[in-house]
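This document starts with one chain, in the form predicted on its own, laid out as structure tokens.
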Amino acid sequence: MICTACSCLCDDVFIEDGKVLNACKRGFEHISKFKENRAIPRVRGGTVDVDKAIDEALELLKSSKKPAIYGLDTSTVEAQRLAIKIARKLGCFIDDNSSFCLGDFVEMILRKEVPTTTLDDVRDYAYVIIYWGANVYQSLPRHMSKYTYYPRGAKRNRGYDEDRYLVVVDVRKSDIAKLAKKNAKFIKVERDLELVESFIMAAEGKAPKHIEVVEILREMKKSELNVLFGGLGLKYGLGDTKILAEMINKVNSYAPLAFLPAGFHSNMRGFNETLFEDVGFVNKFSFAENRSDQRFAFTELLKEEAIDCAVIVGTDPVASLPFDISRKLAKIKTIVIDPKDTVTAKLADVVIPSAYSGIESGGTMVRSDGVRVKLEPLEKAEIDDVYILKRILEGL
């Protein structure tokens, strides 16, 4: 089966005699405990049937003047397309977690501002592997063992201590930074911009502040493929992707370097690509104004009290967003579509239980590198995100 616990979408996980095999700890928990803490259909705290919950959701949306749709990063592409159609029909806002996560990195790739690659090619051909502001040991536990540092690939078949060169950039010695010993380098940074500028200077033949980058570029010259994985630390360390794109392209004038984002929910890239194909932007979009703007990020909409109703699909903003923002949900009508009885679901006006994508529901997801994956669920649930969103779309 395809494990949908994270954006690696590992395709070699299987169930044997009731045991989950080949999964990391995160994947094991995701698959083995999917029947626990399930949502039940509710309207204003009272238990109802699913049809009643969907009807109530429709009434809230029809009476709303400024609704928003948020989440969908664990939903299939098919469900995401339906949500976008609903947003267009309502003329409302639509956003996902990528607006404060790695959406900027994905958009940079989709606009072809930087060269990119696939995880399969990284496994087979990449020599220098840079993790910048990403502790994948915690966020993507099999990233290094399945795709990057440890596997023996088509050309990189002599093992990680001979055929890979690992570079870890972070503000602290993270779990993966501790691996940067033989044929590897850990760079502790206080300001990411200084290291970015050092790469640019070294690629231009000038003396950089961080002298380590000279050796890294020299190692890159040995291979036809090297890759930089950017995480949240890099995003928030820089704030703007323009200088990062400049650096990557400048390095490519000296030695090959591809870029990939590292870390997010199972189908966050799917949402970014699906919305981009439709409107030319990856997140924080207003169909009323037909444009994307930071003001249309779900966090900003809550902060400014700019919406009166929210459809929240497969995410838990009360648990994940800062309290001064998430508490604003109490002032608006909320509709939660989720397989889990989340903190947000407990406070919602309407709860519609859904199915776990990949476990109880099939469809398409997009891996963090843009590769599309077909899900073959263990069991098929009748009521999933597609069923619910289709009912809502038809009812509007």
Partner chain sequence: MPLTPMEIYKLLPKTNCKKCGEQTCMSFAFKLINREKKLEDCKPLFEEKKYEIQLKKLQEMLKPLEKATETGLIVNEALCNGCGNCIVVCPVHVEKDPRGAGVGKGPTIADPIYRIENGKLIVLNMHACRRYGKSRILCVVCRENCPTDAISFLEG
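Residue numbers count along the first chain shown, from 1. Just so we're clear, the structure is a prediction, and the values are computed from it rather than from any experiment.
Separately, the form predicted in complex with its partner chain exists; it is not shown, and the next lines address it.
Among heavy atoms of Leu21, some come within 4.5 Å of its partner chain in the predicted complex.
The shortest heavy atom separation between Gln138 and its partner chain in the predicted complex is within 4.5 Å. Contact between Val279 and its partner chain in the predicted complex is not found at the 4.5 Å heavy atom cutoff. Within this chain, Asp12 lines the site of its partner chain in the predicted complex, having a heavy atom no more than 4.5 Å away. The stretch from 79-87, 214-222, 250-258, 141-149 that comes within 4.5 Å of its partner chain in the predicted complex, counting heavy atoms only, is 141-149.
The contact residue chosen from Lys242, Lys209, Lys112, Lys181 relative to its partner chain in the predicted complex is Lys181, the criterion being a non-hydrogen atom within 4.5 angstroms. Interface residue among Glu194, Glu289, Glu304, Asp175 relative to its partner chain in the predicted complex, by the heavy atom within 4.5 Å criterion: Asp175. For the three residues Phe28, Arg123 and Tyr160, a heavy atom within 4.5 Å of its partner chain turns up in the predicted complex in every case.
Contacts with its partner chain in the predicted complex, taken as any heavy atom within 4.5 Å, map to no residue of 251-269.
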